[in-house]
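As structure tokens, one chain now follows by itself in the form predicted on its own.
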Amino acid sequence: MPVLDKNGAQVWRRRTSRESLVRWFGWLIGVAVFLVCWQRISEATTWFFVWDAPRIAGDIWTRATPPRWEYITQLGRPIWDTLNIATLGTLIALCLAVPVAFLAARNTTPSALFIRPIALLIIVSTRSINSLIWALLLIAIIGPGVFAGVVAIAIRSIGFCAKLLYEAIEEIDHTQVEAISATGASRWQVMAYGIVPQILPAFAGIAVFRWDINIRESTVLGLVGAGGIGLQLSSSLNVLAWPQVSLILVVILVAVVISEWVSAKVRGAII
């Protein structure tokens, strides 16, 4: 924006004086908020433990190495349960997320006034609560175990999958839908031949991506009693069996790396 200097010549500036003042005022507010938050955190922090943390971490590292490799024979079933929790939870979530996504998309919902808000509420409510919290609630309702973990992963994944899927539905090419509608096809035929083929790649990518995320989330559900390898981790932490803890962490790391590799290969094949 051109402004005049003291000699009357035009000088180009990125912002006007008012815009610069507003920008600096915003930075001032941000710094003030940060300082207030830091003061509150400092008052609630026991700094002795913070400064002593490197020594404690070094002590735990000494106790945890080398891992107790012979304990790996007891981790086969827990890691298998973890994979089952993630896989079954993802499949259940996908089965429930597909109809919710079609009800939430503007171009497929039967009623934008009544049904779509309900579908969006389901998406928001399932996404806003962490899987650990769902697991805690479900353990109180149906008891501890793998089933509670599967349901917790499924509920947590519905909103994630449905949100990405309904956005993909809204972004389809409407020319293909109009062409099929012009042949006299019914509403279900239009959906089957005009919409579903366009969103299948997105659906496959969402499914694999969510399964990859659920592998990581399911490894910690056992900490609250929802089964899987997290249950072994919690038991080892309770008795301070640090060599077992380090081995469990290594197994979790390997499982996550493998799931990342599988997910990347599948997404690459789809794309």
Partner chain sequence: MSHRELDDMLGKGWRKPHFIKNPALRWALLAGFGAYLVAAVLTIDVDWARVYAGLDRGWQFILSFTRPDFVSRASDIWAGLLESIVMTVAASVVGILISIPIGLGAARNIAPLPVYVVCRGIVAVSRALQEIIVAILLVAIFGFGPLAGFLTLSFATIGFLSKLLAEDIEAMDKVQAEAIRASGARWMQWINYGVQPQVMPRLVGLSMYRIDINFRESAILGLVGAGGIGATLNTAFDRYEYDTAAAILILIIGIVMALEYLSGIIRARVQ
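Numbering follows the first chain given and starts at 1. Just so we're clear, the structure is a prediction, and the values are computed from it rather than from any experiment.
The same protein also exists as the form predicted in complex with its partner chain; that form is not shown, yet it is the one meant from here on.
- Taken together, the three residues L94, F203 and A264 all stay farther than 4.5 Å from its partner chain in the predicted complex, as judged by their closest heavy atom.
- Comment: its partner chain is not present in this chain, but in the predicted complex one of I169, V150, A104, C161 has a heavy atom within 4.5 Å of it, namely V150.
- This chain appears without its partner; in the predicted complex, the one residue of L75, V98, A119, L88 with a heavy atom within 4.5 Å of its partner chain is L88.
- For R63, no non-hydrogen atom is located within 4.5 Å of its partner chain in the predicted complex, even though that partner is not displayed.
- Heavy atoms of S111 never reach within 4.5 Å of its partner chain in the predicted complex, leaving it off the interface.
- At least one heavy atom of I252 is located within 4.5 Å of its partner chain in the predicted complex.
- With a 4.5 Å cutoff on heavy atoms, V220 counts as touching its partner chain in the predicted complex.
- Annotation for 23-57: interface residues with its partner chain in the predicted complex are V33, F34, C37, W38, R40, I41, A44, T45, F49, V50, A53, I56, A57 [heavy atom within 4.5 Å].
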